[in-house]
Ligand SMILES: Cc1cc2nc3c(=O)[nH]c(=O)nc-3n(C[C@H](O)[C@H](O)[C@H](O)COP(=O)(O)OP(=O)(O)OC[C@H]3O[C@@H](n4cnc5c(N)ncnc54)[C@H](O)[C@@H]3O)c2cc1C
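Before any questions on how it binds or moves, here is one chain, the form predicted on its own, in structure tokens.
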């Protein structure tokens, strides 16, 4: 079933298009420019291009096909949501090996964005745990691919933002957990420089680490914040009951534009920092409070008003090309953000320890900053300035969050795009799979003058 409507990303970026919804994805895929799940990518990566405004919505194809309780091997359709996976499998002692900051994502989207989580330094990306994919490629064939069979397609699809074909099914390995509760330790950190040190020191001791940072305060307090470290509670530590389901009220209106102005953001940041009333706090917390704090309020993106927001997420490497230790890169990013007035109440810092396995996977060893920025008249200039710092520092951006990066800047910060386009020349030379983002960043246009339909023999 399809319906012409406005298709939006989570940040408010939208196009006029048509979403095809069906339980049988392969039968409904003809003509769709890309697959799309729950639409939680912040920018335009899950939006179809203007010249082919048709997206295949996967959310009706959400069955678990196989699950091995002894090993944790899961095979499911691409539209299965992480929320449903948690609801069904956490009580059985299993959890996704890598989780993003929301559970309202689909399995196919987790592959396409090669999502990372608070344990990237230990567990890598979701792609590290994917063992097989079932896909429909540009010439219409349905293929199984893994690290040995059609390996180029497999690794191009992990982190490939849906540009290599329709993901139909995903096979992955889950993590066994001793209880469904989290043991958490939080501590106040005085500034961004000490935050980087604290994250690196915590990495060998804690499987999950993440920080909230205040990017409004200036000078010696720039980047002060709260470091949150966690691990699964043991059976002896955890409450005997299953974590209760949380009420999730819905935000039913858009905030006025002034609601998230400089004064309100500054007040929120001060209060959030001061709520950590002791230098260190420890205790058992609900897993949703730890992994998905923003999910407590449905449609929370409406706080940014009708103009929406963008999230700028970058990774800044620990070392330069010679292997020498780099310092001050995160401070440079925050200096640009505060100088140009882009600071928000939601800014997150994490430590990355591994490269992704996908051709375009985002993470690499370093520090990652994720900064929510309300869209205003100067947003493009702000993103341009931030990208300049990231390019100079040898970093790159996360495509699942981006809305404003220019093509020339993307190519300067990520030379892997040439390998990715070469892979697509093999599998989809006519560029049947495109998105609004790939038109913007890769210059994608349909290549109707080519007779070859693409695909390996």
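Just so you know, these numbers come straight off a predicted model, no measurement behind them. Positions refer to the first chain, counted from 1.
Another form exists, predicted in complex with the ligand; not displayed. Remarks below refer to it.
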| query | Is every one of 195, 328 and 349 within 4.5 Å of the ligand in the predicted complex, counting heavy atoms? | reply | no
| Which residue, 333, 227, 115, 314, has a heavy atom that falls within 4.5 Å of the ligand in the predicted complex? | 115
| query | Looking at 78, 215, 189, 369, which is the one with a non-hydrogen atom within 4.5 Å of the ligand in the predicted complex? | reply | 78
| task | Verify the contact flag for residue 32: yes if a non-hydrogen atom of it lies within 4.5 Å of a non-hydrogen atom of the ligand in the predicted complex, no if not. | result | no
| Using heavy atoms and a 4.5 Å limit, would one call residue 337 a contact residue for the ligand in the predicted complex? | no
| field | the ligand contact at residue 127 in the predicted complex, heavy atom, 4.5 Å | value | no
| message | How about residue 39 - does it come within 4.5 Å of the ligand in the predicted complex, if we only consider non-hydrogen atoms? | response | yes
| remark: With a 4.5 Å heavy atom cut-off to the ligand in the predicted complex, the contacting stretch among 377-385, 229-237, 148-156, 106-114 is 106-114
| field | Heavy atom contacts to the ligand in the predicted complex at 4.5 Å, residues of 387-405 in sequence order | value | 398, 400, 401
